[in-house]
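Quick setup: one chain, the form predicted on its own, written in structure tokens, and binding and motion questions come after.
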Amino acid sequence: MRKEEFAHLCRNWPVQGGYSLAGAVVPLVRTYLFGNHRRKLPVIWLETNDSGDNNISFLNATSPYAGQVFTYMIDLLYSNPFMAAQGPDALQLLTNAAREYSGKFTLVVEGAVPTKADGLYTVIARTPERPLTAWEILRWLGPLAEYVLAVGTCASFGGPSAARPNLTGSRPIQDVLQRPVIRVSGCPVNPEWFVGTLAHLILYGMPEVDDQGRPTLFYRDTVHRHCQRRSYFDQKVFAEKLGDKECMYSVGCMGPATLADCPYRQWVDHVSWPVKANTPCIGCTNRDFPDGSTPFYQSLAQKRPKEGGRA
């Protein structure tokens, strides 16, 4: 499959082919790896300062399930949220993986990185000499990785972990590493954005990204453009309160200023998304989330006067 066809598949699969993009791309990856005698994508997966929502969202992937992604797409060399090993054994696995796969592995990072107090707010491992912070480990692993993938808005832009007053001095991965980072933002990330990006890395390498480093496969159009309540907006029929069926622009919806395909991708095997659940989009994929989205139930025109009419 040509790269352009893959991009079309990613953008249109929820509409044309079914509900699970992962179910479409995993067979492509398996065929490619087998036919070209290639090994799975080696991955070191690190969770830092976040709520754990992104790996939980990933575990909600269906058809195939997360276990099949591990089996057929990626070789998970180390993962502090998923692995059974603990303590010195886990640290040894990480050290061995970084040495053996230097320049070849993909570094997947969830969460922002605390930098105050020498990063002691997030400790990944301990040695007899000192604790190893996320800040230190990222600066060690970042230059060794072939690709760095920031999963979720905290890793991508700081997100809630770096929101006011940011007592831990948390920073996005890009600020810590000073190297190209693929940002798959969302709070949490949609598992299909993540799996689709992994598939692109395997099949074609670095994906096209927007001016904020997000794959244009999934962050090309605003939520507003494809929203099921768009017709109400066009007719200037707005909700008066939460729970009304009309356009929720008047009660804080950030859809006109948020790039994501949530309206047709949806979540948890295409079951729902915020507006379908009768709550406004809060702009969780944005660089300035959550501070730039607050007060959550104040209209976009009041929160961001210059962007109030963006479609």
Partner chain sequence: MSRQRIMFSPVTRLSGLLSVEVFLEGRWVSEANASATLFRGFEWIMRDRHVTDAVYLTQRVCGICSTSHGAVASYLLDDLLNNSIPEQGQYLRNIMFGADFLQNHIRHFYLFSLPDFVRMPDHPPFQQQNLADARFDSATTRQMVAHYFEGIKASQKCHQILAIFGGKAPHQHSFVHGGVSVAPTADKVATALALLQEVNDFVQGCMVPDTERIARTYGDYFHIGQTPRRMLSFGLFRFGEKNEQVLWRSGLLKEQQVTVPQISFIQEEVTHSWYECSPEVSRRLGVFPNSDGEGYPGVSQGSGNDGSCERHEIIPDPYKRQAYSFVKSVQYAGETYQVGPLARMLINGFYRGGTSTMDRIYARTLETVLIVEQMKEWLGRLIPGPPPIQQNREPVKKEVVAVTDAMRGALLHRAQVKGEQVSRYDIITPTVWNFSPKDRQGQRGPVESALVGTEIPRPDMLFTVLGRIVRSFDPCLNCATHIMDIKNGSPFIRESKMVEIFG
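This is a predicted model, so every value here is computed, not measured. Numbering follows the first chain given and starts at 1.
Absent from the display: the form predicted together with the partner chain. The rest refers to it.
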query: Which of 139-147, 153-161, 202-210, 176-184 lines the interface with the partner chain in the predicted bound form (heavy atom within 4.5 Å); finding: 153-161
query: Listed residue (233, 78, 105, 194) with a non-hydrogen atom within 4.5 angstroms of the partner chain in the predicted bound form; finding: 78
query: Contact test in the predicted bound form: residue 65 vs the partner chain, heavy atoms, 4.5 Å; finding: yes
query: Any non-hydrogen atom of residue 122 within 4.5 angstroms of the partner chain in the predicted bound form; finding: yes
query: Non-hydrogen atom contact residue 269 with the partner chain in the predicted bound form at 4.5 angstroms; finding: yes
query: Residue 238 within 4.5 Å of the partner chain in the predicted bound form, heavy atoms; finding: no
query: Sequence-ordered residues of 268-302 touching the partner chain in the predicted bound form, heavy atom within 4.5 Å; finding: 268, 269, 271, 272, 273, 274, 277, 278, 279, 280, 282, 284, 289, 290, 291, 294, 295, 296, 297
